[in-house]
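Have a look below at one chain only, the form predicted alone, in structure tokens format.
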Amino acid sequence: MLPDVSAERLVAIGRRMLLIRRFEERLITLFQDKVFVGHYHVYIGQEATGVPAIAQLRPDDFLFSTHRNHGHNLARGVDPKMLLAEILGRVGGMSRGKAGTLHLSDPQRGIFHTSAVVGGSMPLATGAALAGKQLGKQQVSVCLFGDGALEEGAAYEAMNLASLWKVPIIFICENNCLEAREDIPGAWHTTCLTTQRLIDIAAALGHSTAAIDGGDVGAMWSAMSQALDRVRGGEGPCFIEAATIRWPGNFGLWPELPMGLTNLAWVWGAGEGPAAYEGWFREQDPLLRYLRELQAAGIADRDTILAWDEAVRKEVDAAAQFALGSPSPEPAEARRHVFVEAGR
């Protein structure tokens, strides 16, 4: 379903989702071309969770991410040029190439830390929420993480303290480790935990909870809107579980493009894709689902969607050109910004 917002905002959501998709696809091709090395994660298949949630934050709100963080940064408005340069370890990046893909930050946009440690951002996000409460500015801390984070003790400590202190924090669990259960129609299970409903964990710790289809932009928008009202009103923490079908390219050790680049002809039912992934691009892909909704509502026709894609591709091309043209840091750069200089 579409969120109950203006057409202009609906279009902005769609274009941002499309930007994330094309950015991540380009990153995969750059890796395949051996432009960079090292492990990395992509946000393909989860755009319908991060974009509508982050779009509702105020500029002074806090955002804490996980290792699958590129989409969160782009949804928050980080410049694709600087983001890609940082991922490639170039001086034109957000942290002059020092953070790389796993520790992205942009303090000007409230992104103070990304933790590649599973569950590592949850205590930090809780602390930021406490600071926001003590400052009395109604700042909200939002922490996104995967279902695997709930295997970590730090997650329970953070959630428990958030409830005890009634801090303004929203925990968003992007549960992308799901498979349909054949024995219980409509039910899901995670490969990481025995509990059937992750929201039950949060509810036991005193959080208000919501379990939604993470591929439904409207459901995410509504859940986030209600959560923001609650936490800004001083009612304590909220926990949203966004159930997401994992993108087929994320099952291997390294991200791949098993279907090639996303073919937008699939939005209106044209074009053929690999038969093994037909269920994904015809029913499950959140980007294609949302673009179909915009088309059905008369907000965007085929030509409009293709024009968005052309503009986004040019933006990603420009980001790649900037990043590839940015030099690698000098060796001496490794010692800068590590220690505070005496007398300062």
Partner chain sequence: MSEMTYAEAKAAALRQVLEEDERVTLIGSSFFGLSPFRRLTDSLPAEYPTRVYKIPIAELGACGCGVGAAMAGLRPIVDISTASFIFEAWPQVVNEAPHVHYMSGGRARAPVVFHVLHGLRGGGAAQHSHSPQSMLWNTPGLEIVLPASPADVKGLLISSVRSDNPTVFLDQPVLFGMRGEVPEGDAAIPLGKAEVKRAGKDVTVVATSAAVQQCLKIAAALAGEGIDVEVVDPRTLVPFDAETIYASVGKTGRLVIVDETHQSCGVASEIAARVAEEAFDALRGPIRRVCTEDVPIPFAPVLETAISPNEEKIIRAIKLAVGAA
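Small disclaimer: the values here were computed from a predicted structure and weren't measured. Residue numbers count along the first chain shown, from 1.
The same protein also exists as the form predicted together with the partner chain; that form is not shown, yet it is the one meant from here on.
J.: For the three residues Q46, R282 and E293, which mark the spot I'm curious about, does each lie within 4.5 Å of the partner chain in the predicted complex through at least one heavy atom?
T.: No, the candidate spot makes no contact with the partner chain.
J.: Please check if R9 has a heavy atom lying within 4.5 Å of any heavy atom of the partner chain in the predicted complex.
T.: No, R9 sits far enough from the partner chain in the predicted complex that none of its heavy atoms falls within 4.5 Å.
J.: Consider L130 of the chain shown here, and say whether it contacts the partner chain in the predicted complex, taking contact as heavy atoms within 4.5 Å.
T.: Judged by the heavy-atom cut-off of 4.5 Å, L130 is in contact with the partner chain in the predicted complex.
J.: My question is simply whether P107 lines the interface with the partner chain in the predicted complex - judged by any non-hydrogen atom within 4.5 Å.
T.: Residue-level check for P107: yes, a contact with the partner chain.
J.: Going by a heavy atom distance of 4.5 Å, is A265 a contact of the partner chain in the predicted complex?
T.: The answer is no: A265 has no heavy atom within 4.5 Å of the partner chain.
J.: Taking the partner chain in the predicted complex as the reference, which of A203, V91, L257, V117 has a non-hydrogen atom within 4.5 Å?
T.: Of the listed residues, the single hit is V117.
J.: Within 4.5 Å of the partner chain in the predicted complex, heavy atoms considered, which of S208, N250, S95, S163?
T.: By the 4.5 Å criterion, the partner-contacting residue is S95.
J.: Within 4.5 angstroms, counting heavy atoms, which one of the listed stretches 257-265, 149-157, 239-247, 209-217 is next to the partner chain in the predicted complex?
T.: That would be 149-157.
J.: Relative to the partner chain in the predicted complex, which residues of 242-256 have a heavy atom no more than 4.5 Å away?
T.: Nothing in the stretch sits within 4.5 Å of the partner.
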